[in-house]
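What follows is a single chain, given as structure tokens, in the form predicted alone.
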């Protein structure tokens, strides 16, 4: 369910909408679709474009993911400058979800980040183009043109997005955030573009759990591609045919 706009949200967003309505029209005629957004939001230098030859994905083995363990959540909060609060209006780029099989009674604890869908509903409903998918499959929000309308939050079946309600301080310079903008897991794009793994995966490995694998789904020699090919994996809400970049084992 969407949250009511606060008076300060309405004022800010009204001004921004008027500004963006003009600038979006100019941008749309000045550059090819996606070029401007790419330049704003990705961490690679402009001359090092991402490629559709790569599709970044994450595989989470729930049999190795313990109830009560929040190592991945803590690492995400530290890397991306999140406060770590868990209220309904707080930013949680990855959260632990407990699920139960109603037929067998089996319980699973699994991390739930943005699923980085091949066909992301959040992108489809965004009126300004702020929500977009890079060529390598990472779904991002360009905070410069996000108007905080929250259509994307309503469209996401995984409740993976949140709106920043308060002014922010002490941010990671590599992860700019701002009040009035919607945000979500980026696969730690600033790290991926340096050929590093997302902070959650690194923390899971460091703790010895090794429940998370990150890599190129399009590379048949990558660990994630080999595992997905060899073992049964599951997409959450596979019935929606979104072809998620995050897959699960053990559920």
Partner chain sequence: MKIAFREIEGKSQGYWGLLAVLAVLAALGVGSALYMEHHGHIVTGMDNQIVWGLPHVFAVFLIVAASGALNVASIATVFGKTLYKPLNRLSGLLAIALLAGGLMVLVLDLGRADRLIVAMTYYNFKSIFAWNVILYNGFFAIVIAYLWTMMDQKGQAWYKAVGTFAFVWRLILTTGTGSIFGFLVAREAYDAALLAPTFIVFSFNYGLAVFLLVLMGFYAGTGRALGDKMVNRMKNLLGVFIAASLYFVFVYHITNLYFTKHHGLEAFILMNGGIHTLLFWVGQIILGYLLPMAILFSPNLGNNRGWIALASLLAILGGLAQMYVTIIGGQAYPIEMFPGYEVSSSFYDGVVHAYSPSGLELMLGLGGVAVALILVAFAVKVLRFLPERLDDEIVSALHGAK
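Positions refer to the first chain, counted from 1. All figures in this text were calculated on a predicted structure; none of them were measured in a lab.
What comes next is about the form predicted in complex with its partner chain, which is not displayed.
J.: Spell out, yes or no, whether the shortest heavy atom distance between residue 173 and its partner chain in the predicted complex is within 4.5 Å.
T.: No, residue 173 stays farther than 4.5 Å from its partner chain in the predicted complex.
J.: Would residue 83 sit within 4.5 Å of its partner chain in the predicted complex, counting heavy atoms only?
T.: Answer no; every heavy atom of residue 83 is more than 4.5 Å from its partner chain in the predicted complex.
J.: Any of the heavy atoms of residue 137 lying within 4.5 Å of its partner chain in the predicted complex?
T.: Because no heavy atom of residue 137 falls inside 4.5 Å of its partner chain in the predicted complex, the answer is no.
J.: Hey, in the predicted complex, is residue 149 touching its partner chain, heavy atoms inside 4.5 Å?
T.: Yes, residue 149 is a contact residue.
J.: Taking its partner chain in the predicted complex, would 97, 126 and 159 all count as contacting it (heavy atom within 4.5 Å)?
T.: Yes, each of 97, 126 and 159 comes within 4.5 Å of its partner chain in the predicted complex.
J.: Going through 181 to 195 from first to last, which residues have a non-hydrogen atom within 4.5 Å of its partner chain in the predicted complex?
T.: Going through 181 to 195 in order - heavy atoms within 4.5 Å of its partner chain in the predicted complex - there is one hit, 181.
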